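Just the one chain here, laid out as C-alpha cells, in the form predicted alone.
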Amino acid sequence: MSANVIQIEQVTKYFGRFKAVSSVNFSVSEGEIFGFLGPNGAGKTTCIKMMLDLLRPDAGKVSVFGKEVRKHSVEIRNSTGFLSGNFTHFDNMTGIEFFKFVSSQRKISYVFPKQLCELFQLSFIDLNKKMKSMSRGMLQKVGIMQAVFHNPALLILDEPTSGLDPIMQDAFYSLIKELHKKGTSIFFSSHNLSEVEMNCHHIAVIRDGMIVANETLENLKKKMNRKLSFKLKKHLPGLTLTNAELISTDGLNYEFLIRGDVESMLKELNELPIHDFSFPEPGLDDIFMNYYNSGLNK
C-alpha cells in the first residue's frame, strides 16, 4: 500500500468568526493524481495554503511527506512545486531573470528550461520579455514551468489551465502524465470538471468548508443514481424493475431512475422486448452538481 504524501487530519480554520474549513480529513497517496473540487469560496485555496504552511490551522494537523508542515515547512517546500490560482510574478523581471531568481531561492543551478519551452512553444526571445508585458496565457505557462522545472516529488496545482488555449491545455496534460510516470504525486484543484475526470485517480469534493465526497471516480459513479430510458416493442402493463423507480411512461417509452446495484435490473432488462435503450454512465459534472445542489436544497 502506498504511503500518504499529504495527510489532512481534522483540520479547522477560522477567519475571525467565519469558519472557512471545518474538520476536514483527506489523504493523498504517493504517486497518485488527486482531484480537489468545489465551488468558489468552498475552502479549496485555504486547504492548499495550509499544506504549504502559508496558513496554519486553528485545529487539526497537516502533514506532507510524513512530516508535520509547521515544523518542516522549508524542507517540504524544497521538494514541492506550487502553482497558485492567481500566479504572482515580478512585473519588471524578464522570464529569464525570474527563473534565475527562483533557482537561487531553491539553491539550485539555473539551467535554461529548453524542454519545457519546446513543450509550451516559448522561445528564448519570449522569456527575455518583461513579465508585465506578457499575455495571460504566456504568464500561465511560466507559472507552470516554475512549478515543475526542479522535478518536485509533489506538485500542487490550483486552476493550472486557466488562460491556456486548447492546444496548450493538451501540452499541459501531456506534462502531467509524464511527471506521473516518473513518480510525482500531484494535487490538482480545478473548476474544469472534464480535465479532472481525464487526469485524476481519486477525487474529493469540498462544500462550505466540509468534505462531502472522497472516493475514486469509479466508486463515486457507482453511488450515483442513473437514468435508464428504453422503448419496448410491445406494451407490458405494470412493468417494474429491481432498484428502479418509474419516472415517466409515454406509450412504449419508459424512463426509470436506477439506484444501487444494477446487475439484477440488467438481467430483468434482458428478458424484455426492448426496441432501443439508453443507460449513460454519470460523468464528473453530474457527480459534482449532485453534491453541490444537495447542499442548496437543505
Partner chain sequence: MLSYFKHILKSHLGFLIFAMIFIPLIQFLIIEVFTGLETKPFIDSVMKMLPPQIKMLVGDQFFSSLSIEGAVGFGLNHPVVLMILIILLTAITSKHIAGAIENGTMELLLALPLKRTTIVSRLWMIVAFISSMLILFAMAGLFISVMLYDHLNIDFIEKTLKVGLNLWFLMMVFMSFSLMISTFMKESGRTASISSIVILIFYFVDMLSGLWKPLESFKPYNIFHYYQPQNLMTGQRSLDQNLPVLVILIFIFSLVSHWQFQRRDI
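Positions refer to the first chain, counted from 1. On a predicted model such as this, the values are computed, not experimentally measured, just so you know.
Missing here is the form predicted together with its partner chain; even so, the following discussion is about that form.
**OP:** Quick one: find which of 198-206, 121-129, 171-179, 77-85 has residues within 4.5 Å of its partner chain in the predicted bound form by heavy atom distance.
**Re:** After filtering at 4.5 Å, what remains is 77-85.
Original post:
Do residue 227 and its partner chain come within 4.5 Å of each other in the predicted bound form, heavy atoms counted?
Top reply: Flag for residue 227 set to no.
Original post:
Should residue 98 be classed as touching its partner chain in the predicted bound form when contacts are defined as heavy atoms within 4.5 Å?
Top reply: Taking the distances in the predicted bound form, the answer for residue 98 is yes, it comes within 4.5 Å of its partner chain.
Original post:
Is residue 106 close to its partner chain in the predicted bound form, meaning a heavy atom pair under 4.5 Å apart or at it?
Top reply: Although its partner chain is absent here, residue 106 would touch it in the predicted bound form, with heavy atoms inside 4.5 Å.
**OP:** Flag residue 61 as yes or no: does it have a non-hydrogen atom within 4.5 angstroms of any non-hydrogen atom of its partner chain in the predicted bound form?
**Re:** Residue 61: no contact with its partner chain in the predicted bound form.
Subject >> The unique member of 56, 231, 67, 259 whose heavy atoms fall within 4.5 Å of its partner chain in the predicted bound form >> reply: So the residue touching its partner chain in the predicted bound form, by this definition, is 56.
Original post:
Can you pick the one in 92, 135, 115, 194 that has a heavy atom within 4.5 Å of its partner chain in the predicted bound form?
Top reply: So the residue touching its partner chain in the predicted bound form, by this definition, is 92.
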